[in-house]
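So this first bit is one chain, no partners, the form predicted alone, shown in structure tokens.
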Amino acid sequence: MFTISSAQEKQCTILISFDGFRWDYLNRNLTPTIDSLAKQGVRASSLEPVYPSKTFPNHLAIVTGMYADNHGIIQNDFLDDQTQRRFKISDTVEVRDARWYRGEAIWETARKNGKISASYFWPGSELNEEQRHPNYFERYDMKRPYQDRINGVLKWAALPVAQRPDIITLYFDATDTQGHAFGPHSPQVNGAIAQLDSVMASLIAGLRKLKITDSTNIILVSDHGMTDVDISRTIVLENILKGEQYQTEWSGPTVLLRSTNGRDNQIVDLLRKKMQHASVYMKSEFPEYYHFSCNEMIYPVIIAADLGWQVKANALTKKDSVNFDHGNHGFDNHQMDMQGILIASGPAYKTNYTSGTLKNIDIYPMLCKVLKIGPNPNADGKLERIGFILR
């Protein structure tokens, strides 16, 4: 599919995200195009997300090489106590406010080094500071047809060499959307997998038509996986903490909590005694391997549900029963159900190479290596953990 070229052409790297595409979705015999791409390049056994295994924290981890603790986007929705402002992915004003984003994304690093970048959707790509967004970008529109997104990328790839992007990002939500609604083992998810394989076929056909496959790297990733959940596996905090005064943030796989009258330690003891199917930690005791205990916006108590279980502050309602998802993510990022994919093919990558599990924070320094630019020294990712997949 991609051949080695001796010509010293300008390389273009296209980083593509399939939201919620679990590592084993590639084993369902639904992805002939992606399978072919992998055989011509590199396939990781899985891609490990950062904690929490949610969409925005992990898309930012991929492009900054930082844990959520450090790049600042600790969830899809969180409160800044100091300003009483809330980051929420549905709030375009906040999503575009650069103050939330503490990491340096690959397009920022590229611009600092005279490289051209473009994004046809990616969390964090729409910031309202000129030097902090790609040279070319589209504002997110979930309803934008997938073929329109592909055509937009191909239009950038067809620009004259001096204007052509060195790196392009591209995003699709299908497997995440269907996974939440119907669960990872559903026919609807299988349909989304097949749809995304067709997306890749269309993109590759377009690159061939432009005669630039020999100078194009394609990196296909996902931000996290998906697991089955059921309303019967819900833990309700108010049933356990009657009489306590506290505030919570979030619901689902992870809940943050703080006492409003100085009883954090007592609440932790009570939860540990009475709650099953979840682990309870003081923030200061949260295991170091999660890299999720330094950010000041994280509450003093962290409740982490077991895989497939969810935590809710208040009693379930009829609305909950109607709208309850059949699939979710956000659990322990080391669980296999939370793992994603990484496929890389093109002149920068080895051929017919399979690796073990890779970490998504290491993608950023790898991209810098491919672009021949120096990475942000504050990044947590390390080239030595992933550089072996490069040619």
Ligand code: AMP
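On a predicted model such as this, the values are computed, not experimentally measured, just so you know. So that there is no doubt, residue numbering starts at 1 and follows the sequence shown.
Quick note: we don't show the form predicted together with ligand AMP, though the next part is all about it.
**Student:** Report yes if any heavy atom of residue 312 sits within 4.5 Å of a heavy atom of ligand AMP in the model of the complex; otherwise report no.
**Tutor:** Result no; residue 312 lies far from ligand AMP in the model of the complex.
**Student:** Can you check whether residue 76 is within 4.5 Å of ligand AMP in the model of the complex, heavy atom basis?
**Tutor:** Yes.
**Student:** Closest heavy atom of residue 253 to ligand AMP in the model of the complex, within 4.5 Å or not?
**Tutor:** Flag for residue 253 set to no.
**Student:** Would residue 56 count as a contact of ligand AMP in the model of the complex, using a 4.5 angstroms cut-off between non-hydrogen atoms?
**Tutor:** Contact check for residue 56: yes, within 4.5 Å of ligand AMP in the model of the complex.
**Student:** Which of 244-252, 209-217, 176-184, 155-163 has heavy atoms within 4.5 Å of ligand AMP in the model of the complex?
**Tutor:** Selected range: 176-184.
**Student:** So, a 4.5 angstroms cut-off on heavy atom distances: do all three of 49, 307 and 337 pass it with respect to ligand AMP in the model of the complex?
**Tutor:** So, no: the whole triplet misses ligand AMP.
**Student:** Which listed residue (282, 89, 240, 205) meets the criterion of a heavy atom within 4.5 Å of ligand AMP in the model of the complex?
**Tutor:** If I apply the 4.5 Å criterion carefully, the residue I get is 89.
**Student:** Would you mind picking the one in 100, 290, 299, 140 that has a heavy atom within 4.5 Å of ligand AMP in the model of the complex?
**Tutor:** Contact with ligand AMP in the model of the complex is made by 140 alone.
**Student:** Heavy atom within 4.5 Å of ligand AMP in the model of the complex: which residues of 318-343 meet that condition, in order?
**Tutor:** Only a single residue, 329, comes within 4.5 Å of the partner.
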